[in-house]
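What follows is a single chain, given as structure tokens, in the form predicted on its own.
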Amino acid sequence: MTQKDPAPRFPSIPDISERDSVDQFHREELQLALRNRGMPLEAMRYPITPSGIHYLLTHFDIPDVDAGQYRLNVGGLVSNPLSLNLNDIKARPSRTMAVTMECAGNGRSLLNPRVISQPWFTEGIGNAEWTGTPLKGILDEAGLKNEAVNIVFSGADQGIQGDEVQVYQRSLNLEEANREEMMLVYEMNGQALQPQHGYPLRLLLPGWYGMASVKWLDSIQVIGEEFQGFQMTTSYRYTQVKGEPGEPVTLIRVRALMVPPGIPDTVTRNRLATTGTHLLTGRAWAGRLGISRVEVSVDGGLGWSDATLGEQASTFAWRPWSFEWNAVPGWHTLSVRATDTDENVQPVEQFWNAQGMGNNMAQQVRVLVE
């Protein structure tokens, strides 16, 4: 590659007045994007995502929690109500596990028409090592009564949603809550949780989309009916029409992403690469399921070739893959898709829904080879 500026070879960005309205983001979306952050895709080179570049989504405000005064209250339909401080929780059996976490809205900005919300492209992802104590041990200690139906997890954060003031709350049925991998975590990558990641304690549900892992965990309440909170019945649903009940968003769908090759154009993020052999790399994941196959296309999805799979750090961590690409001059659209162990294959076309949830369409990367 010569040292001259390659920018003139890239398509120019039209004046905003000439661009299609689908590319015009709203002020509210910009505000959300500045509050929250995605993981730069080049950070997939790290098996464990550094805490500072792990994706982040905060629904309301980061609450001011004093760890010295902190108590986790476990109550409701239990035989032995608990009120635990952070040291009480740390004194219980602990484990450390690598877990890939993905936002349920990851890929939302790729939909057409676009849903107005946190404007994720594909960066709403991260793979961290979490340390905590199994949730099941806490529930067993509290002793669930026979009438128990749902476990409700409440965070210390609150705001307005659905035209009412509420705290962030999610629930699980008894079978899910008692799975061995569910944890209450207090460390991320060997250090205390950072404030934006739920300090001093959060729920961690490996295999689920990130909205289920309630941050700044304040209380656990056992109730005798299905929980009807906003985050369960209205938000995080697969719906085709706004207002219909739809199906709940739960486990992460299969997805693969690649580290974009070459170097980027500052604005378009299109890539510039040299001719010759390039080792394409990336990660693939599928919630609770394993990855059985990753395929790469170098011609816009007209043909697919198998990538080489590496080993994953844990059942719930992403799996590395690699692929040798012989790059020839010209424009190329690179794409990658994964298949999980239940034979679910990433779709090439978008999966549209009214909230922009669970969109796992195959990634595309435009590359100019010189």
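Numbers for residues come from their place in the sequence shown, where the first is 1. The shown structure was predicted, so the numbers you read here are calculated from the model rather than taken from an experiment.
There is another form of this protein, the form predicted together with a small molecule, and it is not shown here; the text below is about that form.
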(message) Just checking whether residue 49 would be counted as a contact of the small molecule in the predicted complex - the rule being heavy atoms within 4.5 angstroms.
(response) no
Quiz item: Does residue 213 make contact with the small molecule in the predicted complex, using a 4.5 Å heavy atom cut-off?
Solution: yes
- Message: Residue-level contact is defined here as any heavy atom of the residue lying within 4.5 Å of the small molecule in the predicted complex; does residue 298 satisfy this criterion?
- Response: no
- Task: Please run the contact check for residue 197 against the small molecule in the predicted complex: heavy atoms, 4.5 angstroms, yes or no?
- Result: yes
The one option of 332, 337, 319, 54 with any heavy atom within 4.5 Å of the small molecule in the predicted complex is 54
Partner-free chain; cross-checking the small molecule in the predicted complex, the single residue of 155, 207, 260, 132 with a heavy atom within 4.5 Å is 155
Among 267-275, 173-181, 287-295, 98-106, the stretch whose residues bring a heavy atom within 4.5 Å of the small molecule in the predicted complex is 98-106
